[in-house]
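This document opens with one chain alone, in structure tokens, the form predicted alone.
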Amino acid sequence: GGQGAVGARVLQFTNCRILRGGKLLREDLWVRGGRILDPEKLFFEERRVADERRDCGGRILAPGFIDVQINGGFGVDFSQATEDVGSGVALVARRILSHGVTSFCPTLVTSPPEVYHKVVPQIPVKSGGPHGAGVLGLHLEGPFISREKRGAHPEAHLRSFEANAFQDLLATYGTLDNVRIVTLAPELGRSHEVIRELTARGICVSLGHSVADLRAAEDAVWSGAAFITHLFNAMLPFHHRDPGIVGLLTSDRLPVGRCIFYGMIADGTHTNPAALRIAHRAHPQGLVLVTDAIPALGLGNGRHTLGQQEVEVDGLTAYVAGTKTLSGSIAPMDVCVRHFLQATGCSVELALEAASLHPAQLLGLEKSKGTLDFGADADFVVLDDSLHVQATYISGELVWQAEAARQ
């Protein structure tokens, strides 16, 4: 029932609409010891009331956003093997609090083995707090991807695991200790062995940067794959006779009861609003909003890096320098939520769940993250009616507040 530490202070957030069970409810939110509290147990079993009440001014309280694909930001590139990777991750973790993000998966694009060997051990799983959003584990996107659909990934560093399957992957990454998601192309030889090995270790396998047909994608799901990396981008376009990876959204050949999740970059550039609507209407419960943010996030126009590549930012679009190849996004998560809501005409509830509940479900964390149910972690975001972030809380503690909200 989320009683938390019994001696701890009880906070009561009043005059708010809380997202719970897919609906915005006019209820108070009770927090103690970093968790969401069941007030009935508090009244009837402990005969206690709140130690402090906070009036939310009629605002929305939603679970904190979870970004499972973010390559860096504010000049920090997670795919650069610097001497102090940790301080870069900490900077991004702190800055994304203002976007409503309370947990994230730092993402590495295709890199040479020595970069993985140096960087992966330096980014441990870490709880969030006033210092910044929590790190849920790494997302390794590549290098086991398709040459044709590599997007902004450097061709020179792409690899296959034809020779020794899982051992090739281990030799490339060095360790899987801090890894939560691996994006790979399922058409690569021996991929099914690799998918099974990763899944057995509790690592989420995502399909992406791939020319797989639907049958190969379905087989990968049977082997354990659970996610699709940025749907529509870096995969074969939908074709009615072979819908490719996109066809997983409506496939009838998947394991019974399995929900396939898929990432979408709703930045107004990567995915046309009509494509966003098609995906959302075909399979709303699997939609996960990701930023795919690059180190240029928060910096503006000019030349920046993304791993081994140089990137040119022009307005709202980032390209591999000298090309018209998109290389990730510069839209913060809260902007993606608002754009998604506006582009699809979906409910506010679903737009918020696509950035919170769905990524938590993808990672098997829905008991503690992505929800405001009793007993869950008190990671939440306070939003106005237009879904602009007013304040961010982690474990019931205020970690960021908009200037206007401070008045």
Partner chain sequence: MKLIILDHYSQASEWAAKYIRNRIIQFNPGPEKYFTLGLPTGSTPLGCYKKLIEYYKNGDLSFKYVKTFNMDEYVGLPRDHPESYHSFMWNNFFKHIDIHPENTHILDGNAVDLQAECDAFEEKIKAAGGIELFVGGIGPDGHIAFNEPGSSLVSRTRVKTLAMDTILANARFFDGELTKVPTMALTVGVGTVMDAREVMILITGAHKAFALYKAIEEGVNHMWTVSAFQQHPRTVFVCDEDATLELKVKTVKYFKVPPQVNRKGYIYSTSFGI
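Given the structure is predicted, the values throughout are model-derived calculations rather than measurements. Numbering follows the first chain given and starts at 1.
What comes next is about the form predicted in complex with the partner chain, which is not displayed.
Mapping the unseen interface onto this chain, Pro39 counts among the residues with a heavy atom inside 4.5 Å of the partner chain in the predicted complex.
Of the heavy atoms in Asp55, none are within 4.5 Å of the partner chain in the predicted complex. Mapping the unseen interface onto this chain, Lys367 falls outside it, with no heavy atom inside 4.5 Å of the partner chain in the predicted complex.
Taking non-hydrogen atoms only, Glu45 approaches the partner chain to within 4.5 angstroms in the predicted complex. Remark: of stretches 62-70, 378-386, 47-55, 346-354, the one touching the partner chain in the predicted complex is 47-55 (heavy atom within 4.5 Å).
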